[in-house]
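Single chain ahead, written as structure tokens, the form predicted alone.
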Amino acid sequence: MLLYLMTWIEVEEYLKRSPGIILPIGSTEQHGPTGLIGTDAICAEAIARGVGEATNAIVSPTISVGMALHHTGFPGTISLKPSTLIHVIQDYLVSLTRAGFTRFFFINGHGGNVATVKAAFSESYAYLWDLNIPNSDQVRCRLANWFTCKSVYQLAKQWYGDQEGSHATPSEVALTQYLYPEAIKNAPLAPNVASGHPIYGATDFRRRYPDGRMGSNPALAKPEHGQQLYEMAVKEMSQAYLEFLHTE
């Protein structure tokens, strides 16, 4: 169930049987010469919708712009500052907690969001308490990265080995190829790709990773791989969401 295709009456009825909601969160950033700029948001949203269908849960609008400051040296990247993203998440949680939701399952598609989202959870627990919102002491948040699902990780390693890398990976590119076959991109890729450098600012990042990839070979991606990865992620995350609903 997509929140924006529901009425308030339907949401009110839903809350009588479940306190949970799924929130996809990604990023709008460069993904190398062949990866879509919307990759992280596309993947998170598609998997969240799949989990919502499998568990009969509401799925919120996607937070499609994340914390990607280190990618802003590449055209097309849009980033929020960590402090801004914390406030965005906080505002989502305040609105939804006031409505009656208390279980927030974030499906994340961008590694750069992790630290900020976890900080947002910590700040939000305290902020909700300070606002004295009913049931704020019952609020629980969970961050679930689709790309670290055990089944997904193992299959990606089986297919791509060390060429999976850590950004603009063949696994995430394959997933977007499955979801948007009409948008598959082709471009020459240098055989040598940078990896292992620490991440600092945008200028330093582009100097160290000149084509945007981080140890990855997205030329290995195939749409049929993406379908299998999607199905595995939905299955594993659906189970995780259902277990999360009963968190004390």
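Fair warning: this is a prediction, and the values are worked out from it, not measured in the lab. One rule holds for the numbers: they count along the sequence shown, beginning at 1.
In what follows, reference is made to the form predicted together with a further copy of the same chain, a form of this protein that is not presented.
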With the partner left out here, check for me: in the predicted complex, does some heavy atom of C149 sit within 4.5 Å of a further copy of the same chain? no
Is it the case that K81, even though its partner is missing from this view, gets within 4.5 Å of a further copy of the same chain in the predicted complex, heavy atoms only? yes
Does V11 reach a further copy of the same chain in the predicted complex, with heavy atoms at most 4.5 Å apart? yes
Does L36 reach a further copy of the same chain in the predicted complex if we count a contact as any heavy atom within 4.5 Å? yes
Heavy atom within 4.5 Å of a further copy of the same chain in the predicted complex: which of A194, A202, A54, L220? A202
Which residue among F106, F74, Y160, Y178 has a heavy atom within 4.5 angstroms of a further copy of the same chain in the predicted complex? F74
Can you list, in sequence order, the residues from 224-248 that come within 4.5 Å of a further copy of the same chain in the predicted complex, counting heavy atoms only? F244, E248
